[in-house]
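Considered here are two forms of the same protein chain, supplied as C-alpha cells in two stand-alone entries, structure 1 and structure 2.
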Structure 1
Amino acid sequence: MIELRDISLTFRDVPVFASLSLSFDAGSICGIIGPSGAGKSMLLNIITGSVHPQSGQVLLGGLPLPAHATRARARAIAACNGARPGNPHDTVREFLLLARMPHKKFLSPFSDYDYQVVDDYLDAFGLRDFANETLGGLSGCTLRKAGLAHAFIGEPDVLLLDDPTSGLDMSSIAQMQRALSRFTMRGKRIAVAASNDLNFIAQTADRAILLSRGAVALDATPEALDAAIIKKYFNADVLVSRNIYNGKPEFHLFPAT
C-alpha cells in the first residue's frame, strides 16, 4: 500500500498541496484527474520521491519512502512520464530488458523469466514486429508504447503513469487498458494514472480522485462523475452517456456553435 500523509508542497512560490492525505490499496487502478495546474503530475513525482514536500511523508508498505533502499524502491515503484529514452541506438528489446535490472543479481545474466516478461509485453503492446528496431527509428506512437511497456515489465508493486494516452491511437489505448487490468487482477499491485483524458479514466479506473486547489475534491468510483462536476471543475459543458457494455460514464462535449 502507498500512503500520502499530510503532504504540503509549495512550488515556485505557488501552493500546490496543503495537508493532503491519500492512500492507494493493492488490486486497484486509480485515476487522478483535475484541471490544469491541479497537481496531478506533481502527486506522482512525490510518490516516486523525485519531489520532496515541505512537510508530510510518503509511506510504502507502512515505512517512510527514504527507509527503503534505492534498489528496493526501484523494484517497488515504476513510473512512465513520457520522457524519451536516453539511448536512441538501443533496440526495443534491449530497452525493455533494462526494466528488469532491479531484479537481476549482481554479475549474473538476465534470467529466462526476465526474457519471458519482455516477450509477454512485446505481445501485449503490439511491439513484436519492432523488437529489433532502434528506438530512434520508431514512430511517436510506437515509442510511447515502448515506454509504457518498460514500466510494466519491471513488475513493480506500484505503477505510475502520467498522461498515458498522450500520443496513442485507439487500438494502443485498448492494449494499455488490457495490460492494466492484467497488471492488477491478482490484487497485489497498484496502478495510478494521472490524466486529462476523462473518458479513459472513467472507462479504465476503479477509483477516480479529483484534485482541485491543493485538495481532494472528489474520491469515488468513476460512476460518480457527472455533468455538474465536469462543469464545476473543468468549466466544460458535457453530455454524459453510459457505455452499453459496462455502464460507465462517457463524456461528450457539445459541438461548437
Structure 2
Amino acid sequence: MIELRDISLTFRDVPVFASLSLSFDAGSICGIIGPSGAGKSMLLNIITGSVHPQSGQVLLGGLPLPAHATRARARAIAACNGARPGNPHDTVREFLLLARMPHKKFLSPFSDYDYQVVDDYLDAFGLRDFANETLGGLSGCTLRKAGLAHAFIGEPDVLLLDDPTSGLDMSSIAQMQRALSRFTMRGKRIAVAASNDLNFIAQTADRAILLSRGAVALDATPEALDAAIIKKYFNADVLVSRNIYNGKPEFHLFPAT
C-alpha cells in the first residue's frame, strides 16, 4: 500500500498542494484526473520521490519513502512519464531489458526470467516486430509504447503512468488497458494513471480521484463522474452516455458551432 500524508508543496511560489492526504490500496487501478495545472503529474513525481514536498510524507509499505534504499525503491515503484530514452542507438529489446536492472546484481548478467518478462511485454504491447530496431528509428507511438512497456517490465508493486494515452493509437490503448488489468489482477499491485483522457480513466480505472486547486475534489468510482462535475471542474459541456458493455460513463463533446 502507498499513502500520502499531509503533503504540502509550493512550486515556483505557487501553492500546489496543501495538506493533501491520499492512500492507494493494492489490486486497484486508480485514475487521477483534473484540469491542467491541478497537480496530477506533480502528485506522481512526489510518489516516485523525484519531487520532495515541503511538509508531509509518502509511506511505502508503512515506511517513509527515504527509508527505502534506492534500489529497493526502484524495485517497488516504476513510472512512465513520457521521458524519451537518452540513447537512440539502443535496440528496443536492449532498452526494455534495462527495466530489469533493479532486480539484478551489479555487473552480473540478466537472468533467463528477465529475458522472459521482456518477451512477454514485447508481445503484450505489440512490439515484437520492433524488438531489434534502434530507438532512434521508431515512430512516436512505438517509442511511447516502448516507454510504457519499460515501466511494466520492472514488475513493481506500484506502477505510475503519467498521461499514458498520449500519442497512442486505439489498438495501443487497448493493449495498455489489457496490460493494466493483468498487472493488478492478482491483487498485490497498485496502478495509478494520471490522465487528461477522461474516457480512458472512466473505462479503465476502479477509482477516480479528481484534483482541483491542489485538493481532492472527488474520490469515487468513475461512475460518479457526470456532466455537472465535468462542467464545474473542466469548464466543458459534455454529453455523458453509458458504455453498452460495462455501463461505465463515456464523455462526448458537443460539435463546435
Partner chain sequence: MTPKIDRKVSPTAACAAAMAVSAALIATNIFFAHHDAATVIACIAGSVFYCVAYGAPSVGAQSGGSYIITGEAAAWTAGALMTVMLFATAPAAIFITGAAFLMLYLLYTGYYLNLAVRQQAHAGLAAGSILAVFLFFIAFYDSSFNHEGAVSLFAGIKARPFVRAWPAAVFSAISCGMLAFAIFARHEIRLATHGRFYCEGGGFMHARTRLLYLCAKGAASSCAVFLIGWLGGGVGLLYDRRAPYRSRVVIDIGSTIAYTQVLLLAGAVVPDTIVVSIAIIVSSARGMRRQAYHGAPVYD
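Please read these numbers as outputs of a predicted model, since none were measured by experiment. Heads up, when I say rigid core I mean the largest set of C-alphas that superpose within 1.5 Å between the two forms. Structure 1's sequence is the ruler for residue numbers, which start at 1.
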Properly assigned, the form predicted on its own goes with structure 1
Large Cα shift (2 Å or above) at A83 between the two structures, core-fitted:
no
Aligned on the rigid core, do the two forms place the Cα of M170 2 Å or more apart, comparing between the two structures?
no
On a rigid core superposition, would K105 pass a 2 Å threshold for CA movement between the two structures?
yes
